[in-house]
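Just one chain is shown here, as structure tokens, and it is the form predicted alone.
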């Protein structure tokens, strides 16, 4: 087994308590502006912005530092059309046959249905894949650990980074999503985790009138 190698903690910054409180409050004030958007402008997004946001996602903590994720950025109109057709096929099954009444009632406040035009309108789709194992150049399989947790954290980093850059996002999870492997030609060790739609919101974009839970509802201090 390889021996661990350690280095001094790089670039850590500690702030005075007053500044720490202000930074925490400022971050909350900014992140609370984030809303899930379903109406996008077709305006293109600079590739450099997406690249830096993906690099930020790649800094997420993960099991055994295996970094079990892969991001496929889709800008091709032809491929976006294929994804929309496949996703809407699964969504029709969900809304018309698979989803229990209770689930559909929970979604009513969001106004969603099987139609997903944003998959073609938005300039950028980011398909996030979870890698169950790696394959070495010699063909050996190396198991990854805490894959779902790791990819979930990375997805959160990515959503935050895109918001910080001034873009809107939508997490889309048609089920099943195996069609993404086929359309995007991803290997069998990868499974679609979610499809993140991103871009500028449409000029007259609207969002549901919903609210987040209070601190007392989501946290307990003991």
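Predicted model, so just to flag it, every value in this text is computed and none were measured. Numbering follows the first chain given and starts at 1.
There is another form of this protein, the form predicted together with ligand IYR, and it is not shown here; the text below is about that form.
Asker: Counting any heavy atom within 4.5 Å as contact, can you tell me which stretch out of 111-119, 124-132, 72-80, 137-145 lines ligand IYR in the predicted bound form?
Answerer: Result for this chain: 111-119.
Asker: When the contact criterion is heavy atoms within 4.5 Å, does residue 86 count as touching ligand IYR in the predicted bound form?
Answerer: No, residue 86 stays farther than 4.5 Å from ligand IYR in the predicted bound form.
Asker: Verify the contact flag for residue 160: yes if a non-hydrogen atom of it lies within 4.5 Å of a non-hydrogen atom of ligand IYR in the predicted bound form, no if not.
Answerer: The answer is no: residue 160 has no heavy atom within 4.5 Å of ligand IYR.
Asker: Does the 4.5 Å heavy atom contact test between residue 173 and ligand IYR in the predicted bound form come out positive?
Answerer: Residue 173: contacts ligand IYR in the predicted bound form.
Asker: Which residues in 88-103 have a heavy atom within 4.5 Å of ligand IYR in the predicted bound form?
Answerer: If the 4.5 Å heavy-atom criterion is applied to ligand IYR in the predicted bound form, 88-103 yields 91, 94, 95, 103.
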